[in-house]
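In the form predicted alone, a lone chain appears below as structure tokens.
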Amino acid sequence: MSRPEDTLQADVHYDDVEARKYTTSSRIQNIQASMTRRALELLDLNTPSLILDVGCGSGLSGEILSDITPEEGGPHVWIGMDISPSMLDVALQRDVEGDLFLADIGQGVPFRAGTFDAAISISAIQWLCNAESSETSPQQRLARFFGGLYQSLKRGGRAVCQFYPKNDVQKQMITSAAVKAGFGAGLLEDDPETKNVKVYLVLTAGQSAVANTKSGDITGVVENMEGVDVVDNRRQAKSGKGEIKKGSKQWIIKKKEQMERKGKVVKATSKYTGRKRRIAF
């Protein structure tokens, strides 16, 4: 069965017809509501919060956020961003309570640093794994998205991204991009080894949630949950100065990684990277 993100861009696929078909499907409404509530459970918000809904579509997830009762820690205020004008038009017609923003998440998250308490994304980020032109790549789009998302969250803020990876390679690519951006990351699968498997990437921005965690569970959320694969590939920084010599191969690779996280194009690392040229007479 073909996946729409393999053939079309999201704003092309979700035209007026598809946007209305998606929104009026009772099956999709039920699935969307269930996954949004699961994401909220993983966010573990105890007080009304400002939430970014990434790939908000026609506002199905946003409606759940607005309906959270004070007993459940709500209601929450939310801002949704999506690349499809048709989806956002349907959301406006449905008079959703959140503010809506037309934007391509593969170009970043254009909000002031520390704006949001939390973020959710339902069935959206897998679209970033397909290059839309020869000038872009999935790695660059993922780097821009996660880098912008990290900056837009308050330190200690959490994000939960539900997505449908095509394969393990795509799952690893998405998770690695989040970790490179600075997030602590945990992968949670509901209904594993079934055709209804749902993957949740649980992210924590900053180190406030690291205290008292065990077994590398940097998120502080997924500890003791079944079926969780905790991911924290970040190397711990060493104390002291001068451990990486400026101009060395390690220094150059580190600078390249920093540039990639900002979504910039850099030359591939090779055996010649950092090699000293012999003086020509």
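Residue positions are given as counts along the sequence shown, with the first one as 1. Note that the structure is a prediction, hence the values are computed from the model and not measured.
Omitted here: the form predicted together with a small molecule. The next part is about that form.
Checking 193-201, 178-186, 80-88, 165-173 against the small molecule in the predicted complex, the stretch whose residues place heavy atoms within 4.5 Å of it is 80-88. The shortest heavy atom separation between residue 141 and the small molecule in the predicted complex is within 4.5 Å. In the predicted complex, at least one heavy atom of residue 124 sits within 4.5 Å of a heavy atom of the small molecule. The small molecule in the predicted complex is approached by residue 104, whose closest heavy atom lies within 4.5 angstroms of it. Although the partner is absent here, residue 60 is a contact residue: one of its heavy atoms lies within 4.5 angstroms of the small molecule in the predicted complex. Every residue of the trio 10, 14 and 128 has some heavy atom no more than 4.5 Å from the small molecule in the predicted complex.
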